[in-house]
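There is one chain below, alone, in structure tokens, taken in the form predicted on its own.
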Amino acid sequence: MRKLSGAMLIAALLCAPAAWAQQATLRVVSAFSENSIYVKRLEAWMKTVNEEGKGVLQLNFVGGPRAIPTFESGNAVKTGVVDIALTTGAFYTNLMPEADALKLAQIPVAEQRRSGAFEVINQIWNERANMVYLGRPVEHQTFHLYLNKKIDKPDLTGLKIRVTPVYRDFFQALGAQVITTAPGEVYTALERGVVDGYGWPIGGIFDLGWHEKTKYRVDPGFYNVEVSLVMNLDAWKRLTPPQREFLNRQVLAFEAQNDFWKSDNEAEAKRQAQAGIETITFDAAAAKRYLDKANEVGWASAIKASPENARKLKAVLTK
């Protein structure tokens, strides 16, 4: 092999640090609409990342569902069409059904990081979907059942409920006739009586206008709203160690703001009451049956879909 001349060697050494320090730009998409609180908080976080990451790493927001359809967000990350998505496991169960099990976590994300749960999650996400599970910037939110017909016990027999995969099996177990529609069709479905209710987090119904056609919210809430940042594994590997460290640090800072959701829950419940949405509250025994059923059905569905990985997740995500 021919030896490098002194000039060539100096040039190579000078170029190496420049290549190492080259700024990376990652494309980010959201599975949620641009006017949602999730995206508003994502954009605020990205602004901070880009201000602090000049010369190291930048995030370029491609858009929401108009850029990549909601249920294609996972595949877009897997195939590298985009680098990062703000999404939820329920939106990419077509790639890996065990992703929906994250809603069943009983321990906070900070504890998941300390306990080794994140390593288990990432091993599965790497292998099953070519993804890195970066972090979970939404916590402390639960799902609720919203209705236009009053009930006094956890029985949905005879009711037509609009669902997503998150709570489809649970509502079916309670006797509901479940109907799947795009979010944009829910308002009309409520207005025309096509559905008697729907499942949704405590927040967000005002963004969609659904409060105008909703009479009741059922308490307690069930499952944990799981909104996370996932990244293409190949894009992650292309980052330099300093870039990975910077991105991880920024994700941790995003997660450190998760107490926001506690106050937001209170504000949303108050806003719903002011809008005339009444709260249906079960007695203690019925509430326990309701929540026990939700968890029983949730884990049974996850284990049926992916026995080995769901059991691994259950072992690290439940108390």
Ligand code: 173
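All residue numbers refer to positions in the sequence shown, first residue = 1. As the structure is a computational prediction, the values presented were derived from the model and not from experiment.
Only in words, not in the display: the form predicted in complex with the ligand, which the text now covers.
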**Q.** Distance check, residue 225 to the ligand in the predicted bound form, heavy atom within 4.5 Å
**A.** yes
Q: Please run the contact check for residue 166 against the ligand in the predicted bound form: heavy atoms, 4.5 angstroms, yes or no?
A: yes
Q) Should residue 118 be classed as touching the ligand in the predicted bound form when contacts are defined as heavy atoms within 4.5 Å? A) no
Q: Report yes if any heavy atom of residue 154 sits within 4.5 Å of a heavy atom of the ligand in the predicted bound form; otherwise report no.
A: no
(Q) Given a 4.5 Å cut-off on heavy atoms, tell me which of 90-98, 106-114, 241-249, 189-197 is the interface stretch with the ligand in the predicted bound form. (A) 90-98
Q) Which one of 236, 133, 216, 143 is close to the ligand in the predicted bound form, taking close to mean a heavy atom within 4.5 Å? A) 143
Q: May I ask whether 41, 64 and 261 all come within 4.5 angstroms of the ligand in the predicted bound form, judged by heavy atoms?
A: no
